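Listed next as structure tokens is one chain, alone, in the form predicted alone.
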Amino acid sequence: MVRNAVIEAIAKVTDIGEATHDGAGTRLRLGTEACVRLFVSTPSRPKATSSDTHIATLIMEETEGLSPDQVQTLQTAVRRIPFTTTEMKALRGQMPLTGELPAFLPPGTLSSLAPVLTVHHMTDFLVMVESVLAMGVPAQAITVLDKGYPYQHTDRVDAHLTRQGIAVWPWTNATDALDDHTRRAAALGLRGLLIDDGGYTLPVLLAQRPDLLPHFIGLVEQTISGITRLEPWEGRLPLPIFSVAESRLKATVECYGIADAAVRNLLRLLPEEKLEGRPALVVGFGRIGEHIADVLRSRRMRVAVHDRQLVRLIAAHERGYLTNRCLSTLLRDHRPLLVIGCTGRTGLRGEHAAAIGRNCYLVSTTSRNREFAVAELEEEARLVTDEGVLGTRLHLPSGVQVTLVGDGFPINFHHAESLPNMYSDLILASLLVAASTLAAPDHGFIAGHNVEASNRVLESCGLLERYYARFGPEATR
């Protein structure tokens, strides 16, 4: 099955003239001169991987007649293998709330909608999309925006969606994607719905294509970062917003998981660093920031906190963290090894570079790379170097080296799956409950933010009961 999937992927990008099988794998003739050899094997250490794991290896035996771009395309094709039935079965088992949601809601509850999904391209997203299809949405009515993060399985997720007939666009082409989506939805007689994680769609419609707004019934937003991006239109938002981002459900369950995942992924990228006893600075003491600070303190780091909101700064002080209203003062006097940005907006700018007095790592937990003013910081550097998977290193005139881990993009998604699927299950199921709510003609939501109404729906829909039954004191597994 795996071998056939790889060969099928290669055949989509080039003509296969001949395929021969021998004890050394499968030899594929490409065109008249080039050939590659494909091996599919089990891991050398089976107990170090999950059962039924296979490794596909493609060796370029002869590239005569192939351009460097064609070689790259072949290698990419191997990475774009859709998920197998065995893998999908395992994913559904990890996400019962999302996967079984169609059985708990009225049949066809989303059948009047054409959703635009801008959700992280991790394996949990595939179960969510399956449920969207099961809730009555035809594949041709779905548009997915790929946020472009270097997730662990992003190529395979995209390939899986494409095989289902779903339109996948890069987030950088959001305007064209929304225009194309509106035309397809209109041809099917469906209304659009935005399901977003980070403010990728409604701000684009408001700023660039307000003529398309009447084709959409509302927005479901998953992150505070996305809510923040709507601030320029506060008081004049034309669509109802179901805010999973600001809900008590999300704050209660997800925030610690994100903080823990961020620190775990950072440790994976910095295996030689010793954290115990060393200084860290958390910028932003909101829902994520307070948990990041707790996790770092549990790692025996000396943690300082900065927040522009005085009430949050006082909260951090009352919990025993070193605080100061001036970010530059904390950078200069605390001399942090780690600076973790959790503000949801740009918190550390070029003007702060002069206060950094030691080699350190800047780490973001915010959507995109907006947590740090990257361009401003690079202007302050005498040299910028590429450090591969770790990120970008800024060599300041003082001799200090500042590493933008993951190039300033969120650490918990950097070549990782971030949260375990059992964490994200409740949140993705909440997004679909929100979508089904806005699909009802009498939903009662008004244009703009509906935080309390969102809370009422999420806390009365039965998801929390099912979650507690699974992970509470009477859980059976």
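Values in this document were obtained by computation on a predicted structure and should not be read as measured data. One rule holds for the numbers: they count along the sequence shown, beginning at 1.
Below, we turn to the form predicted in complex with a small molecule, even though it does not appear here.
No residue in the set Leu105, Leu110 and Phe242 has a non-hydrogen atom no more than 4.5 Å from the small molecule in the model of the complex. The listed set Thr201, Ser131, Ser247, Thr365 contains one residue whose heavy atoms approach the small molecule in the model of the complex to within 4.5 Å, identified as Thr365. With the partner removed from view, the residue among His121, His160, His181, His306 that has a non-hydrogen atom within 4.5 Å of the small molecule in the model of the complex turns out to be His306.
Contact between Gln94 and the small molecule in the model of the complex is not found at the 4.5 Å heavy atom cutoff. Though the partner is left out of this view, Asn412 does reach within 4.5 Å of the small molecule in the model of the complex, counting heavy atoms only. Residue contact with the small molecule in the model of the complex: Pro336 places no heavy atom within 4.5 Å of it. A residue is said to contact a partner when one of its heavy atoms sits within 4.5 Å of a partner heavy atom; Glu87 fails this definition for the small molecule in the model of the complex, lying far away.
With the partner left out here, the small molecule still marks one of 251 to 259, 386 to 394, 233 to 241, 328 to 336 in the model of the complex; by a 4.5 Å heavy atom cut-off that stretch is 251 to 259.
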